[in-house]
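Okay, so here's just one chain, in structure tokens, the form predicted alone.
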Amino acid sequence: MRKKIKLNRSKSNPLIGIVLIVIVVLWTVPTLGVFITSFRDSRDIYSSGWWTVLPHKDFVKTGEMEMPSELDPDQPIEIEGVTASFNEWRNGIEVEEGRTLKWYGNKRTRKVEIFEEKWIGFGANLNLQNYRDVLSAGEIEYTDGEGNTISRQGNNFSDAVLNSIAVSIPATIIPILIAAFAAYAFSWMEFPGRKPLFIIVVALLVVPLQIALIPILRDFTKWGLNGTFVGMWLAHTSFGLPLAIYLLYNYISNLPRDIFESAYLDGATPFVTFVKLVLPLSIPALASFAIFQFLWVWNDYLVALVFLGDKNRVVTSALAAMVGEKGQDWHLLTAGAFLSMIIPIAVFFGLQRFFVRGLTAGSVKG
């Protein structure tokens, strides 16, 4: 029986592997494109795709020559034994294999650029200027695809990142602590109304948060909390508590009863048992919910728009403003988008070893 099961599993592995590889490629390639584009010069972004940073053959400017002032551009022009019209020279003519001449500018410039086909290594023309411009709060300048110098006001994205951190960290820690206390109480403490209260908590999972925005906004305006970080912490805590309590309850309720009985016999109070035993043993569940909550709060736009507005922009609000204000400036948008991804990716990879353990907690008994 064991050999048959192993044989069946080995037959399905190649197909599963292929599907996973396809999913990973489809998911990773756009992210890689955003990452590479965020380091490219603005002129390169408008003239070529991000994949051109990979090693490839291309024509590179190696020099230029000045044409005689008495040359008449309205007549056929002969350069290095090749005769062509001005428009043809302006579009570029290959005078020999791997060498192209191109008239620069209008007829008055009298300048011809020399391009030779060469191998271009990885990372050509990559720099950090896009990130400096996005993080800056002052005036920035860059050159577009047509060679025009564009002046913009910086986005001060650094403040948006700090605001998102100030919102996300407390809005993750506060519901975890409250939910851990509640899950411990629902799992191992007897009190009146325990089951009805837990049913209410589970029922709140299906309630859309959008229906609570206006009532909460009215209360926050009355209390002076609208537009403050405290209001954001309270809002995200209330919206995240049902899932947190349910997730932690599934884990804490399956901890061995013997450890609680031993703690009670040793004279430990419920609070000491919670701090010394429950919290250390529940780290996988706490970490898995921390990932969910942090990613949700960090990527939240609706709640931040309602309760913060433009007073304290977070990264999602700052990116939305960039799309509206600088929708044509792809080099700034890609840099801002990747800046908004760095911290969530770091949080996920830092806690990923607890992720699966926390998700599967309580799924199997016996």
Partner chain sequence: MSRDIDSRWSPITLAALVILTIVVLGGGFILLQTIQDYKILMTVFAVTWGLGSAALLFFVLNAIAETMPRKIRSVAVAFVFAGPAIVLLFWALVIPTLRTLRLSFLGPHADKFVGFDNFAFAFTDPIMLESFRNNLLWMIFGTSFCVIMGLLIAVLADKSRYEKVFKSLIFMPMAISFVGAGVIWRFIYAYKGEGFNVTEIGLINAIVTSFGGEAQAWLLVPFWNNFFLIVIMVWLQTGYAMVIISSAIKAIPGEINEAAWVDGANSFTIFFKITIPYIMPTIITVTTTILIFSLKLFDIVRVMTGGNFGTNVIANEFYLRQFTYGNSGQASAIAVVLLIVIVPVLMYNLRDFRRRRVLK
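We call the rigid core the largest set of C-alpha positions that still match within 1.5 Å between the two forms. Note that this is a predicted model, so its numbers are computed, not measured. Numbering follows the first chain given and starts at 1.
One more form of this protein should be noted, the form predicted together with its partner chain, which is absent from this view; the next part is about it.
Trp330, heavy atom within 4.5 angstroms of its partner chain in the predicted bound form:
It does: once its partner chain is placed as it appears in the predicted bound form, Trp330 has a heavy atom within 4.5 Å of it.
Decide whether Thr83 counts as a contact residue for its partner chain in the predicted bound form under a heavy atom distance cut-off of 4.5 Å.
Because no heavy atom of Thr83 falls inside 4.5 Å of its partner chain in the predicted bound form, the answer is no.
I'd like to check something about Ile114: if you look in the predicted bound form, is any of its heavy atoms closer than or equal to 4.5 Å to a heavy atom of its partner chain?
Ile114: no contact with its partner chain in the predicted bound form.
Even though its partner chain is not shown here, does Thr62 get within 4.5 Å of it in the predicted bound form, heavy atoms only?
Close contact is absent here: in the predicted bound form, Thr62 is far from its partner chain, nothing within 4.5 Å, heavy atoms only.
Its partner chain: the contacting residue among Ala166, Val95, Leu128, Leu71 in the predicted bound form [heavy atom, 4.5 Å]
After the contact test, the surviving option is Ala166.
Along 50-71, which positions have a non-hydrogen atom within 4.5 Å of its partner chain in the predicted bound form?
Those in contact are Trp50, Trp51.
After superposing the rigid core, is the C-alpha displacement of Val306 2 Å or more between the shown form and the other one?
No, its C-alpha moves less than 2 Å.
Core-aligned C-alpha movement of Glu88 between the shown form and the other one, 2 Å or more
The answer is yes, as the C-alpha of Glu88 shifts between the shown form and the other one by 2 Å or more after core alignment.
If we fit on the core, is the Cα of Ala335 displaced 2 Å or more between the shown form and the other one?
For Ala335, whose C-alpha is compared between the shown form and the other one after core superposition, the shift is 2 Å or more.
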